[in-house]
Structure formats: C-alpha cells, structure tokens
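In the block that follows, a single chain appears as structure tokens, in the form predicted on its own.
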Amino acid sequence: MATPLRIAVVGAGIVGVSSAEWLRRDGHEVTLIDRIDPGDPKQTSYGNAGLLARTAIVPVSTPGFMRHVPKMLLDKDGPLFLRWSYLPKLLPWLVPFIRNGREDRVREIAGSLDYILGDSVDQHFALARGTSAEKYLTTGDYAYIYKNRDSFAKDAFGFALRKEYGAQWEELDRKQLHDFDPNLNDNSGFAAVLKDHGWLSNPGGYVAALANAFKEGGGRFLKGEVDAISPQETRPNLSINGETRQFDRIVIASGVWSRKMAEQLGHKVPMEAERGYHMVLKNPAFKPAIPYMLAEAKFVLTPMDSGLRCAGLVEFGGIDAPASAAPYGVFERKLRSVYPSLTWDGVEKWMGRRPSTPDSLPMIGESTRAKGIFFAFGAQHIGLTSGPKTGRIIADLIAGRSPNHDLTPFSTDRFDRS
C-alpha cells in the first residue's frame, strides 16, 4: 500500500467506527474522536430497530405521500409527529423532501440506496468477523405484518420496487401466520416475509465491540469535542477541546452534528434531525422469533438480548428539544393490538436524532471545497444498516481505489449547486 496516513474520524457511531476500522485495516494511523463513548445510550447508533434492512430502499417520501401527511399528524396513533413551532424552520427542508417523492425520482433514489444496502448483511459480517462484535449478528427473515391482503396491496409500489432490486418474500395468509406465531391477535391476518435479512441482538454493544476491536488493533479513541475544522494548503486542522491538531485526512461522520462542520467548509447542507424513538420491554412474556414491521403502525418489533424493542416513528422538532411522551403511547397501544396478552416487567425509553437529507441519500466522498476532508453522514434511519459499507467506501476513496459504482448521487456538493 501507499505511505500510511494520519487520519482523524470525527464521530464514533456505526459509520465512524466502521470507517475508522476499515482505514486501520488499510494500515493508516487512525484516531477516532467523539465526546461520547462508542455504544453509549446517548449515541444515535444505540437506538434503532437493530435491523440490517437490506431492502429498505424505498424512501419515506413517495408518490402520494403528501396526501397522507395531515391524517398522520392529526391521528394520535399516527407514525408522524411535528412540533408545530418548528415548522417555519423545517419548510426549507420539507419542500424539496416532498418534491423528491415523484415516481421517477424515487426510482433513482432507490437505485442509489440499493448500492449501499443491498449487500449490507455481508458487509456487517466482513467487518465483525473474528471480533467480539460478531456474536451480536443474527441472520433470518423479516416480516411485514398487515391486517389483511388488501392492506398489503396498498404497499404495492414499494414492494414492486424492492422486487426490481432482487427482494424475495413469502406471503402468509391468516392461518399460516398464526401457525407461525400463535400469540398474534386476530387483527393480524397477512404477512410478507422478506428473506435474507439480519438483525443485532444489542446495537449499542455491537458498536462498542467494533470500537474495542479497532483499539485492540492499534487504533486510538480520543474522547473530546471538536470545536472547529479548517482546511490548509498541506494538511487539514481540527480544534479538539481548544487544541489544534493536524492530520493528513479527516472524515466527518458525526451524524446530524456534521452539518456545522460541513458548513464551516462552505458547503450547503440541508439536513434535519429525523427524531426516532424506541421502547424496550424488559422480560417480556414472549417475543417474536424474527423482527416484525407492523406495517400500518410503521414501527418495528425486534427480539433483543435486553427484551423486545419497539422502534420507529418520526418526529420533527430540531436537535435540542427534549423527547415527547406521545410516541411511547403509540408504541404501547399498537403493540397491545398485536399482542394483547403480552406482559413485561419494565420499560426503557430512548430518543435520538437521525441525520436526514431532502433526497434521503447520505453525503459520501471528499469535500469539493476542502481537500483531504471526507464526508460520511446523512443516512437518515438506515445508518446502522449502511454503516460498514459506507466505511469501506471511505477507505477505498482515501486509498485511491475506485468503487465499482457511480457515487455522484452521494456527492458532497450536490446541495451547493441547487
């Protein structure tokens, strides 16, 4: 390989840890920087459905999406929440987000998402194999649960799009579904069971274990706050806790907080916090054998080491606002409509901020305004799934290896041009 470089990776979530580890394996001297320990509950990577959702290529904004927004916002059991005082700040992001829901544009976005998601199960195993993180990986099916076949038919566009990119599924009628899971309520009458997926039994533990493997292999973790980033003629600088440090390359992978650093470099980054929620039921009387997407409720049930995790729903209200109580109520009411006999001992509640761009695509690649600084952020609610692949792409770009795919849809300057 070429001469090893001194590289800083800012952000120790799944994308940052993956980038750091792939770069370390390339022989570079890598420093991973975050104010929070990898795997800590305060990290966005800690809270999610734990899915390796390789068929999650359909963006939220699709044809007809806007027609359903008022109902979702007014329904107390709906999947979408908005702090109305935040709406004026949200509009510059929301308008292009809705425009990207045209069918032709959705098809383009899905193709790009398939590139970073389609082989995600293999990418996670390639990164975790031989480390203590591997024990958290499970492979299996992933079921979308519906009231009936008619409800499934309403999702025909999304499933047809998934099929175009190789998704396969088995359809279960009411009897087959209840034979598979006798605990389900009669309201659950149909399932589409997607094949060849995976999930994590402990997302926080997984990220922490990957970070430990990185450190055991010679990587360095620096706990601190990045105050500023600045390009230089030779090597870029970072200010960490007020101290300036110089590196050969810098990777920005700190999720929604990456926006501030990218804007310091002169980029336009219209990125919003897609505030996601989860609730873990401790010691549940039973758990599903595989993850379920409750299709009408639009959240996922995942069996995990800590219990049964309910994860999903979306709230827009900026970065700083505290968690709302309403989403947790939706979790419980919808869960009881599926599993009316389920009991549990306690609950863990969590809220995090997922970095979402108006086109539902991450920003991956070298800054066009600052040589030697690379972006790896903006993966909305698929960051866990796409993290290892994103990290591999970053390592390839820094090594001068050309990915076998056009990365233009992920370009770091695409919003500068708009």
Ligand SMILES: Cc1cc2nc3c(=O)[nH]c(=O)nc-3n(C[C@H](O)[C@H](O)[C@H](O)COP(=O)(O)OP(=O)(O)OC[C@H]3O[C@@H](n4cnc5c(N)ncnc54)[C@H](O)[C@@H]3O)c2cc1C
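Numbering starts at 1 and runs along the sequence shown. On a predicted model such as this, the values are computed, not experimentally measured, just so you know.
Absent from the display: the form predicted together with the ligand. The rest refers to it.
- Annotation: in the model of the complex, residues S112, P362 and I393 none come within 4.5 Å of the ligand through any heavy atom.
- This chain appears without its partner; in the model of the complex, the one residue of S367, Q43, S61, T31 with a heavy atom within 4.5 Å of the ligand is Q43.
- From the list 21 to 29, 393 to 401, 406 to 414, 6 to 14, the contact stretch for the ligand in the model of the complex under a 4.5 Å heavy atom rule is 6 to 14.
- The ligand in the model of the complex comes within 4.5 Å of no heavy atom belonging to E170.
- Remark: T55 does not count among the residues lining the ligand in the model of the complex, judged by a heavy atom distance of 4.5 Å or less.
- Proximity of N48 to the ligand in the model of the complex falls within the 4.5 Å heavy atom cutoff.
- In the model of the complex, the ligand stays beyond 4.5 Å of every heavy atom belonging to P358.
- Counting a residue when any of its non-hydrogen atoms is within 4.5 Å of the ligand in the model of the complex, the hits in 189 to 226 run G224, E225, V226.
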